[in-house]
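First, one chain by itself in structure tokens, the form predicted on its own.
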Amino acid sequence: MVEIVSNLLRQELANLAAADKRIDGRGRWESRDILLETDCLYNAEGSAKVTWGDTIVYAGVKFEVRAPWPDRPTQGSLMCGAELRPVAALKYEAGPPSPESIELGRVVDRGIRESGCIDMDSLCIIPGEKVLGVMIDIHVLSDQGNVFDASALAAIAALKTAIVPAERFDIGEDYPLQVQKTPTMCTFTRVGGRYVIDANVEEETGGEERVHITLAEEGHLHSLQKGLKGTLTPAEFAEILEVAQNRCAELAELVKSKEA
């Protein structure tokens, strides 16, 4: 029954694409409404909530003092994890992190890490002995499509508002975490034979491969990752990269509007 419904949905999406339409009436490059809130978790050093259509994501930032990695004795660390639980959607199960949770955390982590927005050397306390570790926790409360972009937006907004609890660690006075860039993500999903942005849950169910592009405000490509099976042509990539540049610039401005 699941496969029959999926095939019927794919056919409907293909028919809509042929008429240059989408299942919820949006254009190809039109996003759902986005609401960004910051400083919304009292027990986190930095936090953000993103309501993207009916998708809801929280991100929280915490710090720890730890030993540096042996091959990077003067650099702090960054870790990003994600939780996809049954409360977000019936397709998720309770238990150990699922492959979907692991993929979500890694894709968001890669976009932030490769942008170099955090100077890891600035997190060093005592070379070879103590550094600060930055931990980003992402919790999806409702998955109605495009949790990747919502999670990436929440993560960078939480980092931008994070306060390092230096007094608690007895290393000085509290200070804002220095985040030099604003990397944001734009995800493209092939639906009905063409790419669209901000796929909703029906489009993800009946769609095919997806491409995640992370850029910062200078327009540099910081990460590019493809999910699921399928290929794209050079012409398709050129088209979606141009769209991503405009879209990521808009998302970066939204984050900056929440900075103090």
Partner chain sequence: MGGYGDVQLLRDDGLRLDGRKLDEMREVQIEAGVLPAADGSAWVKHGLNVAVCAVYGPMEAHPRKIQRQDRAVIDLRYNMAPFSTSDRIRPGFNRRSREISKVTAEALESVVLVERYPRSKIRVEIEILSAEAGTRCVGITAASVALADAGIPMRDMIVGVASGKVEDTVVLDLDKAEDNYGQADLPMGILPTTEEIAFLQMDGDLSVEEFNLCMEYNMKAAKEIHEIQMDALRRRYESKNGGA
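All values derive from a computational prediction rather than experimental measurement. Positions refer to the first chain, counted from 1.
Unshown form predicted in complex with its partner chain; subsequent notes refer to it.
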Item to check | its partner chain in the predicted bound form: contacting segment from 57-65, 231-239, 205-213, 218-226, heavy atom within 4.5 Å | outcome: 57-65
Checklist entry - Is there any non-hydrogen atom of Gln144 lying within 4.5 Å of its partner chain in the predicted bound form? => result yes
Item to check | Arg85: touches its partner chain in the predicted bound form, heavy atom cutoff 4.5 angstroms | outcome: yes
Checklist entry - According to a 4.5 angstroms non-hydrogen atom cut-off, is Ile102 in contact with its partner chain in the predicted bound form? => result no
Checklist entry - Should Asp109 be counted as a contact of its partner chain in the predicted bound form, where contact means heavy atoms within 4.5 Å? => result no
Next on the checklist: Within 4.5 Å of its partner chain in the predicted bound form, counting any non-hydrogen atom, which residues from 107-139 show up?
Outcome noted: Met135, Asp137, His139
